[in-house]
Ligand SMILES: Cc1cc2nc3c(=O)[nH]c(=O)nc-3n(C[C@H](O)[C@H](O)[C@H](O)COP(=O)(O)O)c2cc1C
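Just the one chain here, laid out as structure tokens, in the form predicted on its own.
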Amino acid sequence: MSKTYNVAVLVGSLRKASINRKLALALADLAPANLKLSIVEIGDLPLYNEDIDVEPAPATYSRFRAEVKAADAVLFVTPEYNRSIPAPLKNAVDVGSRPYGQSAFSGKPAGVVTASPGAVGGFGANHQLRQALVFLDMPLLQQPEAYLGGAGNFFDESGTLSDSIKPFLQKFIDAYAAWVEKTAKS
């Protein structure tokens, strides 16, 4: 019997009805049986400030770090804001990587999906996030890359995922599952 891997999903958009949140939920539905994806909320994290990150750490910092540490892997699903990582997601990366030497992310297999209504599909945010993940010592799925342009058309009015994007998302989540199985620490 294969192990079930718990995956912390960080969604870069805070909007409840965001395209990226919908994509994260769709990926959870498409995930093979060996992955359990759960969104870890980031909207309540105060901006990282070492002055407030003292014992006891803010409760939201502690909750976030504990949820990421408890996961076997991390999947980032995010839009791009101004050719960069959205501020809430960058803040979550900073909070989770502190205090120095105690990163909640270290060694956890990672995957990145960026989606945008525009044609570029979050290319800039995807690559900037990948730079940070290398520093955080997260083995990162390289292929397939997931820059999803035209994402405003992925869901109908009722929130149902379009058949046109489903095959790619299935390919991505299956490759990510294999990556997690190969690289996750036992």
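Please read these numbers as outputs of a predicted model, since none were measured by experiment. In case it trips you up, residue 1 is the first one in the sequence shown, and so on.
Form predicted in complex with the ligand: not shown, discussed below.
**Q** Of these, 65-73, 131-139, 49-57, 113-121, which stretch puts a heavy atom within 4.5 angstroms of the ligand in the predicted complex?
**A** Every other range fails; the passing one is 113-121.
**Q** Does G96 reach the ligand in the predicted complex, with heavy atoms at most 4.5 Å apart?
**A** G96: no, not in contact with the ligand in the predicted complex.
**Q** Is V9 a contact residue for the ligand in the predicted complex, using a 4.5 Å heavy atom cut-off?
**A** Answer no; every heavy atom of V9 is more than 4.5 Å from the ligand in the predicted complex.
**Q** Would you check, heavy atoms only and a 4.5 Å threshold, whether A177 touches the ligand in the predicted complex?
**A** Because no heavy atom of A177 falls inside 4.5 Å of the ligand in the predicted complex, the answer is no.
**Q** Heavy atom to heavy atom, is Q102 within 4.5 Å of the ligand in the predicted complex?
**A** Looking in the predicted complex, residue contacts with the ligand do not include Q102, since no heavy atom lies within 4.5 Å.
**Q** Flag this candidate site as yes only if L37, K182 and K185 all have a heavy atom within 4.5 Å of the ligand in the predicted complex; otherwise mark no.
**A** Not one of the three qualifies.
**Q** Using a 4.5 Å heavy atom cutoff, which residues in 76-93 contact the ligand in the predicted complex? It's fine if the answer is none.
**A** Going through 76-93 in order - heavy atoms within 4.5 Å of the ligand in the predicted complex - the hits are P79, E80, Y81, N82, R83.
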